[in-house]
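Listed next as structure tokens is one chain, alone, in the form predicted on its own.
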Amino acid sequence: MTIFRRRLQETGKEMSYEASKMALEEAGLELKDVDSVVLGSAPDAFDGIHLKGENLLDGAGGAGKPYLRVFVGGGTAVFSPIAGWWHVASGLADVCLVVAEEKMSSCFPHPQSAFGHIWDPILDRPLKPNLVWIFAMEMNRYMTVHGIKKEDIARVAVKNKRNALDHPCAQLAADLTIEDVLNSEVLAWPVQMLDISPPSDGASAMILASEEVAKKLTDDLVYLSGAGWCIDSTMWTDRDLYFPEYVARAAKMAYKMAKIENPPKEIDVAEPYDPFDYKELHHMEGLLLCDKGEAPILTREGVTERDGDLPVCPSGGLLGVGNPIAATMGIKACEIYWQLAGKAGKRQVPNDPQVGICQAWGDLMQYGSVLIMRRG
């Protein structure tokens, strides 16, 4: 993965090339060895161009090869490797290069302005909603149902930004206190400035291979053992926001495929999607890693620390490393691979992890994608 920064000078093509080149070199492969290419990227508005997939095709190594672009908002970070898995598991490709990219800083107005056009024109738009206060409503509902204190949520931001100090690509790593988070600017209560991940530019890439090919490349195999995805109704007002049912359904699909019956006991490391600090807790519960309302307690007790019984976001997550939407594949799917392969460096969790899970979330409180990996 490239570094994540607010204003990278490289174009989307150049970032895609850099990430792809790093992945191929790590695997000991050349582009001619790749049978198909999958590109993950958020909607075209997030790069300020039309036909974004076609524009990035040659930079991502897809010229002259079977090429597929997928985009489901932030959920693309984990849906991209799922789409790559389809290519390999189906037998269409022995080697699939998956590239995820986002280049938002060059757009004016900011790409977030695209969200001004996603609301129902009759029911929602007259309220003049924006993303921050919509998620503030969800955060408030989650806190109210379970009686969660704001400082218990702030612990997530403190943990993840501290974890990111060990990530070479991090944008906003920091050694903060709970008081720093609680004293930061209020954007839409209870969301404050340090509750939110920063927008970024960046790219990441990973290579999926058939078992036969993979065994020729390495003795330390990491298998994709479970995949799941689910999308809920467009109308965010027709469900109780305290629990992400769509994530739970995607997780159950992945657990069934991976033959996991007791997730809290069988998962060794997790990378749930954390664009806001409360979302890590929300998604831990959606992933069935704990009971509803229990995630803040586990965080308070240190269970989710890098050296805890269930390390959560040891990468530093979106809160610490940055949030270039689809390219966060690098701190979700890639991070789980690095953890299981023992290649995470200073971020490596102890106790020889065997099974890991990553998850991403997209659209408007609507889409979940889940991927489980297992050491061979």
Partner chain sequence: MSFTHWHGDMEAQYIYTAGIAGERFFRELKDNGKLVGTRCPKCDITYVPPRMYCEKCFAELDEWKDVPLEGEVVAHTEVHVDIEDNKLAEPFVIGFVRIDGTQGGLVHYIKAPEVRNGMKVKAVLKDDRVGSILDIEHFAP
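Treat the numbers as computed from the prediction; the structure is a model and nothing was measured. In this text, rigid core is short for the largest set of C-alphas that superpose within 1.5 Å between two forms. Numbering follows the first chain given and starts at 1.
There is also a form predicted in complex with its partner chain; it is not shown, and the following applies to it.
Asks: May I ask you to state whether residue 117 is within 4.5 Å of its partner chain in the predicted bound form, using heavy atom distances?
Replies: So residue 117 counts as contacting its partner chain.
Asks: Report whether the minimum heavy atom distance between residue 60 and its partner chain in the predicted bound form is within 4.5 Å.
Replies: Answer yes; at least one heavy atom of residue 60 falls within 4.5 Å of its partner chain in the predicted bound form.
Asks: Against its partner chain in the predicted bound form, would residue 161 count as a contact residue? Criterion: heavy atoms within 4.5 Å.
Replies: Residue 161: no contact with its partner chain in the predicted bound form.
Asks: Residue-level question: is residue 103 within 4.5 Å of its partner chain in the predicted bound form, judged on heavy atoms?
Replies: Judged by the heavy-atom cut-off of 4.5 Å, residue 103 is in contact with its partner chain in the predicted bound form.
Asks: Within 4.5 Å of its partner chain in the predicted bound form, heavy atoms considered, which of 178, 107, 253, 217?
Replies: Partner contact (heavy atom, 4.5 Å) among the options: 107.
Asks: To test your reading of this chain, name the stretch in 119 to 127, 68 to 76, 87 to 95, 218 to 226 whose heavy atoms come within 4.5 Å of its partner chain in the predicted bound form.
Replies: Result for this chain: 119 to 127.
Asks: Residue by residue through 197 to 230, tell me which have a non-hydrogen atom within 4.5 angstroms of its partner chain in the predicted bound form.
Replies: Residues within 4.5 Å: none in this stretch.
Asks: After core superposition, I'd like to know whether residue 125 moves between the shown form and the other one (criterion: C-alpha shift of 2 angstroms or more).
Replies: It does shift by 2 Å or more.
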